[in-house]
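Listed next as structure tokens: two forms of one protein chain, kept apart as structure 1 and structure 2.
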Structure 1
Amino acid sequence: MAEKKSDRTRAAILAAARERFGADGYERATIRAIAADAAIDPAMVMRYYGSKEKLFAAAAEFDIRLPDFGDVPLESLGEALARHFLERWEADDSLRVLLRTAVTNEVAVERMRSIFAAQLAPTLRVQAVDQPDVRAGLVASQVLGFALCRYILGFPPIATMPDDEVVAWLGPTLARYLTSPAPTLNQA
């Protein structure tokens, strides 16, 4: 079946939006610039997406594609998650675009929250860990902090660290977040 012209136009708009949001951030990216990048009239962008915010939400659509970790022993889950996230960050720049934009824009922040809340916490519930939402937040803080330093800020030596070394450093930290007993706080 032949691809419709409208599907090609939407794909061109989304590709241009991802590039522009990634390069300029949400605030500085304009519908006019995105349309120019896609070689279409700005009215077409508005016709398909309605607003800059809706375009950003569509462009930032991201599936972290968590595999079924049901067969992974809990003590190996940290390493498996570290490797998975590293592969996802390396394979697709749309999450990097979202992270770069989330540094300065509340719409992007909310999109990032919803991705991790909707996709990571349920995986941890399947693993039957206690406090899956708290643990998912801790895992996200580590993964997003690492990604910010490696892909956005380019901190040496993090930016050039070999993947196996990254997994060796991050895996135990993620495992601790997933397997350690919740802290008991002394109430004074």
Structure 2
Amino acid sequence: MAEKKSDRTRAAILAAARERFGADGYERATIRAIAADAAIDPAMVMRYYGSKEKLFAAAAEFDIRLPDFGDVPLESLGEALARHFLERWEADDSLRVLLRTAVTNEVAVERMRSIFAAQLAPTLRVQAVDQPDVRAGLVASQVLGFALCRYILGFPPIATMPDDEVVAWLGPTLARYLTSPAPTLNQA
């Protein structure tokens, strides 16, 4: 092991950064505050991560690989997705960081998009649904909207809803976005 002490502070910085970015958003999370949380000097943050942008990029980097839904029957995929996202969202604050910062930071937007457009859509393609991009977008709109109300805005009935009830409400919505035939429009 070539280095040990440095790795520990590197990790401390990253953990503090995740928390601050997630709680305050990109602009209000200052390097000084992050350094104070990690109990080190602000200059260390620069030495290890180069800049605030790069620190954020590192803090927003984590494996967001969706499990393989290729063999889940399409009818129960909605519920499976709802449960998976809920668990993923409560496991740590990685997704919260992304959602809170995506509003003002392009990097976060792109990373968020890569979850839904670049991961969910292909999964749907395997299931041979039509318009996989549209359906993935609709799923994203409901999942992100619910997360927004629950974790960021803290809307009372949504924020305190038990997990099972969340799945029971959202599951059918997602299922419909995945399975329902695309709407036919009468006129423009």
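C-alpha atoms forming the largest set that superposes within 1.5 Å between two forms make up the rigid core. Numbering for residues begins at 1 and runs along the sequence of structure 1. Computed from a prediction, not measured in an experiment: that's the story for all the values here.
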Practice item. Tell me which of the two, 1 or 2, is the form predicted together with a further copy of the same chain. Key: 2
Point to revise | Rigid-core frame, C-alpha of A108, shift of 2 angstroms or more between the two structures | key: yes
Review point. Any CA movement of 2 Å or more for A121 between the two structures, core superposed?
Key: no
Review point. Comparing between the two structures on the rigid core: C-alpha of A17 shifted by 2 Å or more?
Key: yes
Review point. Once the rigid core is matched, what's the CA displacement of T30 between the two structures in angstrom?
Key: 4.3
